[in-house]
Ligand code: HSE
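In the block that follows, a single chain appears as structure tokens, in the form predicted alone.
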């Protein structure tokens, strides 16, 4: 069936899960981006509208991740028609919630449907990465869970390097995103250029422990592994307002652990039920606001579906 317009949704994601820098990612239910992709008579791709970004994202299709991802797919197919892309940003920018990945993925999912689904979902990964690379380089720790859903191990940028991981039955997350932008390139610039052998051994051990905990449905062990980072969090901690205080507060309210979402500043508290997650989210939001920082907070779970088509015309 031929369509003239397709609307899609792509969820928020958090990369790293504490200790798994650039190799672990998780899709989150609730927040996300929407895109509507339509054919144009002219051959160019245009960004006709972006809502929710406070006019911060580029409208130039050469500089916009959504348009770059769409162009990569059209070029691969030899498709000459042009596109109109409308974005609705439900994710704050530079927040550690995979905003750029969501823009790339949601556009690619919509375009694939518009084209009649010439690609499987997994085959869409390279096109999404072309857009994401504009912002944070070629790594799939946000793109892969956004596209595929769930919790994933990302051992590279090809489909065969993406491994879905088990999702513990009682895994809940409390999110708090203070109104402080942390651009990915700024957060990466703070990372150490070398790591000692002792820390390498510790870090790889914690990643193994985290994956083992997922397979055993052990939230306590999962939380301990998430907080076992001796390399990335210490380097970036200064970019996260009240990190130490929020970790202590979250645990007082019942959370098992707290880790930085991607490059931050979003903080993610691991919880074992929805009631605790809501209590922790509310407490963190109240504490940030008491410190004169606006904050978006919510309780959520893992999004198992990934990006989805919402409607067609």
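Positions refer to the first chain, counted from 1. Just so it is clear, the structure is predicted and the values come from calculations on it, not from any experiment.
The following text describes the form predicted in complex with the ligand, which does not appear among the structures shown.
- With the partner omitted here, the residue from 202, 71, 209, 139 that has a non-hydrogen atom within 4.5 angstroms of the ligand in the model of the complex is 139.
- The closest heavy atom approach of residue 263 to the ligand in the model of the complex falls within 4.5 Å.
- Within this chain, residue 81 is remote from the site of the ligand in the model of the complex, having no heavy atom within 4.5 Å.
- Not displayed here, the ligand is kept clear of residue 9 by more than 4.5 Å at the level of heavy atoms in the model of the complex.
- Residue contact with the ligand in the model of the complex: residue 113 places no heavy atom within 4.5 Å of it.
- Comment: 131-139 is the region of 167-175, 87-95, 131-139, 214-222 lying near the ligand in the model of the complex, near meaning a non-hydrogen atom within 4.5 Å.
- If you take 180-210 and check each residue for a heavy atom within 4.5 Å of the ligand in the model of the complex, you get 184, 188, in sequence order.
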